[in-house]
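Single chain ahead, by itself, as structure tokens, in the form predicted alone.
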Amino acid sequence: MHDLRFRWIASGAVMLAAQVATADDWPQFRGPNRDAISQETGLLRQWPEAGPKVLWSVEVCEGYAAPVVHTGRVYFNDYDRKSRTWFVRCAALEDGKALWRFSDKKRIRANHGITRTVPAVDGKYVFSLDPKCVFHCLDAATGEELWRKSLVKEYGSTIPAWYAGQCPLVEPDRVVIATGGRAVLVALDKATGSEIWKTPNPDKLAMSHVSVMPAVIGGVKQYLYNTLKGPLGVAADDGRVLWHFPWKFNVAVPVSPVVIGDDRVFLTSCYEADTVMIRVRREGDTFSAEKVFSLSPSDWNSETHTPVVYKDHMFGVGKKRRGLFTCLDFDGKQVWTSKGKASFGLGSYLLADGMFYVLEGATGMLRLLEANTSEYKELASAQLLDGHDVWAPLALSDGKLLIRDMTKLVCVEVGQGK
């Protein structure tokens, strides 16, 4: 077990919440620091002609619910349409063997898939938001339910279109989730579910599909959250709103805010919404936010996944001409795209060991790209999935990459193996 570590992003001023976990764990949405970057090294830079070795696969219900990994255990949400039962499942990372399964009877009709949310685990607890906004805390070792909260009943939340899509944020002393209704965000004690604080919601902001992101801006730790009416920053100590930037997103907003350095936030979304970079300033106890630049959808935007920041650039799959993997500078200018090389649809991606793993959302092809700020450079590719709508986030732990389509979850060896 490695020591508890803190990782600094960009200039070193943004310290994200550290997890008590091994360096190989992927304990929550977008990994330990919620930046879709793994610290693993020694990964394969070339694959055999048949692709990386498939270690195991399991059947899953249609949806986009990616797994998380902690100390050799894989946790993921699932559903059985015949029995109308929602599950949190736990399996061994090494061989996919089932370890336990928590079940809850619940009728959920397919609506562009069923499962969307990624659980979070800290080694002791597993936190999972089900499609109808019931928030569950389970014992990570046994799957026993320790407490639950119906966000609809307790906070007046409205279940978003296409069901809940946000993924809980776990910190050393709390779990944070957006509710809408009578609060914007709530921080809950992990052991009991009791409120540490809640953010007032006088503007009646509804729950979006966005996951809460931690940041330090102006020396103040805060949580960033995107709503249909724009992003806001919430103080980590007491839940008060520090700033709000009015910005219109259309129909739905699934892409989380991206922190750039210690004072900028990049915001993008789907349904022809404009992308915008804002600067958040602190003067004394007051914060303000202003636009730095914006991009129209014809310039660039991301429909589903949150861009990755690497070497003073942003990387992501853009909507323009549907699915070009793109490198942007911090002024929003395109350095390069995958035009003429590959189209990724709404596929997901993560960064590890100087390489991007990127899925083609329409085909299930996995491509390995060099993390290059000058040009698109592909290192390897493999057809590992054959389903459609391959949109779920990826997870990487101990040299094993977890990917899924609408029918199965697959574990492949991208490290040196044993």
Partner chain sequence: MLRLIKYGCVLAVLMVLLGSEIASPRAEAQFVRPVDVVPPDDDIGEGYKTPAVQRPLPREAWWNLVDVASLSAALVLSTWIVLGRRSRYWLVALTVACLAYFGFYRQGCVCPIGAIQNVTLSLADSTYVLPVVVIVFFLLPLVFALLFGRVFCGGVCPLGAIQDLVVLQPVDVPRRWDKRLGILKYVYLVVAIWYAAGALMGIEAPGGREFIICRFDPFVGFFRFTGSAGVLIFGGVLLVLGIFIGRPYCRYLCPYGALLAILSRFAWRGVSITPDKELDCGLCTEACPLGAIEKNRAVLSSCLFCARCFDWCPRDKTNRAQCQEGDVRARAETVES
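Positions refer to the first chain, counted from 1. What you are looking at is a predicted structure, and each value in this text was computed from that prediction instead of being measured.
What follows is about the form predicted in complex with its partner chain, which we do not show.
Here is the short version: of 97, 107, 240, 291, the single residue with a heavy atom within 4.5 Å of its partner chain in the model of the complex is 107. The contact residue chosen from 124, 264, 112, 198 relative to its partner chain in the model of the complex is 112, the criterion being a non-hydrogen atom within 4.5 angstroms. Using a 4.5 Å cut-off to its partner chain in the model of the complex, not one of 61, 78 and 148 places a heavy atom inside that distance. Of the heavy atoms in residue 406, some are within 4.5 Å of its partner chain in the model of the complex. Looking at residue 40, you'd find every heavy atom of it more than 4.5 angstroms from its partner chain in the model of the complex. Its partner chain is not drawn, but in the model of the complex it has no heavy atom within 4.5 Å of residue 353. Contact annotation: residue 388 falls within 4.5 Å of its partner chain in the model of the complex, judged by heavy atom distances. Of the candidate stretches 188-196, 279-287, 136-144, 79-87, only 79-87 contains residues with a heavy atom within 4.5 Å of its partner chain in the model of the complex.
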